[in-house]
Every structure is written in C-alpha cells, then in structure tokens.
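Single chain ahead, by itself, as structure tokens, in the form predicted alone.
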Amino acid sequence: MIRIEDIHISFENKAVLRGVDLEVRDGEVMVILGASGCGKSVLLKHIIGLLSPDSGKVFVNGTEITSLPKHELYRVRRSFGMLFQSAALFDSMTVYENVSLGLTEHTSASETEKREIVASKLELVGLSGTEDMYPAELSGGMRKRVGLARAICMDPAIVLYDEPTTGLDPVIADTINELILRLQERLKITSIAVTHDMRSAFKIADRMAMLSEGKIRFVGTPDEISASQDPLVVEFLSHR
C-alpha cells in the first residue's frame, strides 16, 4: 500500500531523516516507534504529501507522490484520513460541522446525505447524538473520537494516527486503542500510527518500525521486536 524509499530531509542544516526505507502492507496496522523528536511526525507528513523530501520517493498504492503536481496530489490525499495529535477540531464549529468538513469541501453531497454519513461515523466511534455539541463541551477522549470520526468520514483506504493516545489517562487511552482495532476490523483499512506510548503500540500493531538517528532501525512484529537483541531496541523497550 505504501513504500518509502531512501527519504532524506533536513531543516536548517540539521538532518532529521537520513535515508528512511519502509513498506506498509495493505490492511495492516504499522506502528512507528521512536523517541520524541526523532522524526516520526515528519515521516508521517511525507506519507500524506504535506512535506516533500530533499531526496527519495514515496509511493502510495503504486503512485509516486513526491513528484506529483498539486491537483493530482490532492486526489491521492482523498484516500487518506488523519487523526492529529491534538484532534485539531475547530472550536467555533459543532461536532457535525467538524466531522462533515471533508464532505462539505470536496463532495456535492446534500445536507441530508451529509447528516446520514456523519451520524453513521459518530455511531462507529460511540458518540451518537453529539452532532450539536462544541469541542469545548467534550472531554479529551471525546475530542479524539470526533477527530477519528472526521478522519474516516470520506471512507479512506488509509488512516494515519499521530500520537493517538497522548494526553489521555490510561483508561481513556485504552478505549482509543480498542476503537482503532475495531475500526480496523470493520473498515478493512490500512493504518499507520506514530507513538511513543509503548502500551498502545503493543496493543494495536501488526508490525512495528523503530526510527532512530534518522533511519529505520528495526521492522517486525511485536513478538519479534520484544525478542530483538539490538542494543538500541533493547534500551528503548526497557522504558515501556
């Protein structure tokens, strides 16, 4: 589904990604691990085309997106949904307006059609009947779930999660983990999550990729990474 080839990028002469290679299989949950500031979110932005690399290529479902003109890149992006770290809801908009934003901007769906779609997505994330509420009236976990409803509103093939459990207490974080797994099963999507929450990573991942010093240090299943003898992997996992 996604192939990353030898991605390099620097900011103000500081190298962040130094030759990243990674493949994400159709239908799997790939979790990208790494210490804070190691470039996980930067890599995620390359996958969706929000950043262009200094060198290297990104392929989405066989299409190289690093060299696409903007109008074609926008078309590819419609196959993505994204849950941002802070949920990134618009405070002045209701839950309905936030979730339906993509439908409003990019489709000709009628108001009735949009209402039906939003209701179905809110039901999937366990928030039926919240359409008229505002973000300020929601708990942190509810805001994350609204953000997730928005991410899946246009039936994407790929969903990206940027630190999906950051800022949540363990009980609410586990609710989000369960929701990610449930959506994965029901919607048959490909998911990529970046996180430093090891409990979440081991719960949701089919495979994990560890990013260290600008490169992918390890790729494997949770069992394989747990059994790794790589000193950097062992040191990283010792803090979970």
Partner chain sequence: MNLFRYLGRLFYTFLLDLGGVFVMAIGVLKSLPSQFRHGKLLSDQMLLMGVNSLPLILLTSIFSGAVSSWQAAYQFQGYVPLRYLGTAVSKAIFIELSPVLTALVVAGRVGAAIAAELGTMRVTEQIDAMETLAIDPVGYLVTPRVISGMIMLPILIVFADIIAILGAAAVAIFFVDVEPETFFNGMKMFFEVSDVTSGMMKAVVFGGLIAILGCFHGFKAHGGAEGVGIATTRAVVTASVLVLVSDFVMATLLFSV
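Remember, predicted model here, so these are calculated numbers, not experimental data. Positions refer to the first chain, counted from 1.
Heads up, the form predicted in complex with the partner chain isn't pictured, but that's what we're talking about next.
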Exercise. So, 188, 199 and 226: all three within 4.5 Å of the partner chain in the predicted bound form by heavy atoms, or not?
Worked result: no
For this session: Examine residue 50 and determine whether its closest non-hydrogen atom to the partner chain in the predicted bound form is within 4.5 angstroms.
Result: yes
Problem set entry | Distance check, residue 114 to the partner chain in the predicted bound form, heavy atom within 4.5 Å | no
Problem set entry | Non-hydrogen atom contact residue 45 with the partner chain in the predicted bound form at 4.5 angstroms | yes
Exercise. Just to confirm, residue 84 within 4.5 Å of the partner chain in the predicted bound form by heavy atoms?
Worked result: yes
Exercise. Within 4.5 Å of the partner chain in the predicted bound form, heavy atoms considered, which of 155, 123, 169, 105?
Worked result: 105
For this session: Scan 119, 138, 109, 93 and let me know which has any heavy atom within 4.5 Å of the partner chain in the predicted bound form.
Result: 93
Seminar exercise, completed: Looking in the predicted bound form, the residues of 44 to 82 with a heavy atom no more than 4.5 Å from the partner chain, listed in order, are 45, 48, 50, 70, 74, 77, 78, 80, 82
